[in-house]
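Starting off, we have a lone chain in the form predicted on its own, written out as structure tokens.
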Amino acid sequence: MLRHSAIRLATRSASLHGTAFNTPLKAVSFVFRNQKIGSRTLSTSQPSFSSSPAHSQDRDLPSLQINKTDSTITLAIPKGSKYYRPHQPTTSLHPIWLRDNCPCPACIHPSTRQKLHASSQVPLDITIISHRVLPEGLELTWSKGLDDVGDWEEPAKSQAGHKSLYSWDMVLGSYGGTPTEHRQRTRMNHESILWDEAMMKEKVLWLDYDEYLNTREGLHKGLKHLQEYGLFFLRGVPTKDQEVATVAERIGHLRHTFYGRTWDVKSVPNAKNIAYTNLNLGLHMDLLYMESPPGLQLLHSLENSVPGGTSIFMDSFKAVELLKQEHPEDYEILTKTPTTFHYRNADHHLHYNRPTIALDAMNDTLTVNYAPPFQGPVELPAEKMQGFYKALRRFAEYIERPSLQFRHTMRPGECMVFANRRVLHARTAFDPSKGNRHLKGCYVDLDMFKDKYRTTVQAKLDGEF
């Protein structure tokens, strides 16, 4: 059940059939019965069912029941319905949440799609005075208007009798499952596919630049691979100085940092960043010393004639999985212990603490923060140091396993696009006296990627390409 719904499911469907509907209930439960019944208004005092088609492929509508005490609504879905979930055959929705999320034009602006009232305006004692089960959705009529309606607003907002119509896709689809199911459906937070060297050699995606830049199908392929594997490559990219920006802007706006809108990766004297040397650069993520590190990084090879300089990639989520399975105590330490990341050079001083393994069930579930070159002194009590360093060492052992790493030496005209908050990247040392190595890079924020990914996937589902 969603956290904002006051959900209390009956433990057995048999008890629902035996409930005396004219007796006040502590929880409301709706039972679907697979029978064809004409659409009609349902009574709250006795069982009433409807099975008129809500969808051409869903012939049976939910039966429903309303709690007389608090107007909680519970819906149960027939097995033949596209919304049926074996693990959760009933869905309960709280009236305050329903009124707050009324999708009508008076509550959601038709063009901006933004809410026209505050959640705090919904009366805490609001109830449902009538309802109808319709083929297109659930219609509810409310006992009270909104509170604190200003003089500049429509007077009707403060009056009783407002009608709301909720599509079945909303109340049974998007918001009918668990919070995780809701995020997967509406935010398209699909499961990542964890990989090692063998899998990436098989699954690595190479896209032609023209297909990526000029076709929606090509863009969809790249975004989908980023979501699932965190990495894809382009070939045939013109070796022009700012072409990496063109690649990035296919996804979203560039992230401008103190390194610039785009930046050069090549060996220079008196470098202010280890990336701008010819030294071996270990596996890491970029800009973890910032409050919001970029979600994507792009590196476009303009020139590469040196021995060495091979790029290395590693799926940090795979390392987390192995650590959790084999050393759960070390996993727990790294989820709770803050690591210091900082950059103090060239008139800049940035500092941020974050755990090595960040868990966030409300959003992206998992984020990894690992960047040894940019790690500052850990800010911990002495008694916790031993356990932290032991756990970090264990984690690093997985990261450094060759069997978990994918290697590729970038050639001119190739561009790598990878998830900076998941895929660790590195580079072997190279000899600048025997040639030139020049990559052009830029960043894109994670929000830009998610935005483009969701809209592109939805367009694909809608048959637009």
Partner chain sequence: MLRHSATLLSSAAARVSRNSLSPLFRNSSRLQSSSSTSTVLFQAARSLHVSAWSPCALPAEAQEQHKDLPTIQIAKDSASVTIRPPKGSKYYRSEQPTTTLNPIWLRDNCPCPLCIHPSTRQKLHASSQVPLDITVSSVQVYPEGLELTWSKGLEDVGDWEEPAKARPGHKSLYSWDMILGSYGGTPSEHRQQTRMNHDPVLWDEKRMQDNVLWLDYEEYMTTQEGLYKGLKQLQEYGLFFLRGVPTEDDQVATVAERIGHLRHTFYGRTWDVKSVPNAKNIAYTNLNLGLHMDLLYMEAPPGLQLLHSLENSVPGGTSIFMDSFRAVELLKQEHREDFEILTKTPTTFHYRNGEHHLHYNRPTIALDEMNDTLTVNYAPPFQGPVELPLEQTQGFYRALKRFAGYIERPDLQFQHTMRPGECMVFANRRVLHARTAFDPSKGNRHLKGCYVDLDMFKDKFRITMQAKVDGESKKGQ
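Please read these numbers as outputs of a predicted model, since none were measured by experiment. Numbering follows the first chain given and starts at 1.
Quick note: we don't show the form predicted together with the partner chain, though the next part is all about it.
Checking 343-351, 230-238, 324-332, 161-169 against the partner chain in the predicted bound form, the stretch whose residues place heavy atoms within 4.5 Å of it is 343-351. Although the partner is absent from this view, R421 contacts the partner chain in the predicted bound form, with a non-hydrogen atom inside 4.5 angstroms. Residue contact with the partner chain in the predicted bound form: T72 places a heavy atom within 4.5 Å of it. The closest heavy atom approach of F258 to the partner chain in the predicted bound form falls within 4.5 Å. Using a 4.5 Å cutoff between non-hydrogen atoms, S267 does not count as a contact of the partner chain in the predicted bound form. The contact with the partner chain in the predicted bound form, taken as any heavy atom within 4.5 Å, belongs to E379 out of E191, E202, E379, E136. Just one of Q242, N363, N214, S305 comes within 4.5 Å of the partner chain in the predicted bound form, counting any heavy atom, and that one is N363.
Residues from 81-119 that approach the partner chain in the predicted bound form with a non-hydrogen atom closer than or equal to 4.5 Å are S92, L93, H94, I96, W97, D100, N101, H109, S111, T112, R113, Q114, K115, L116, H117, A118, S119, in the order they occur in the chain.
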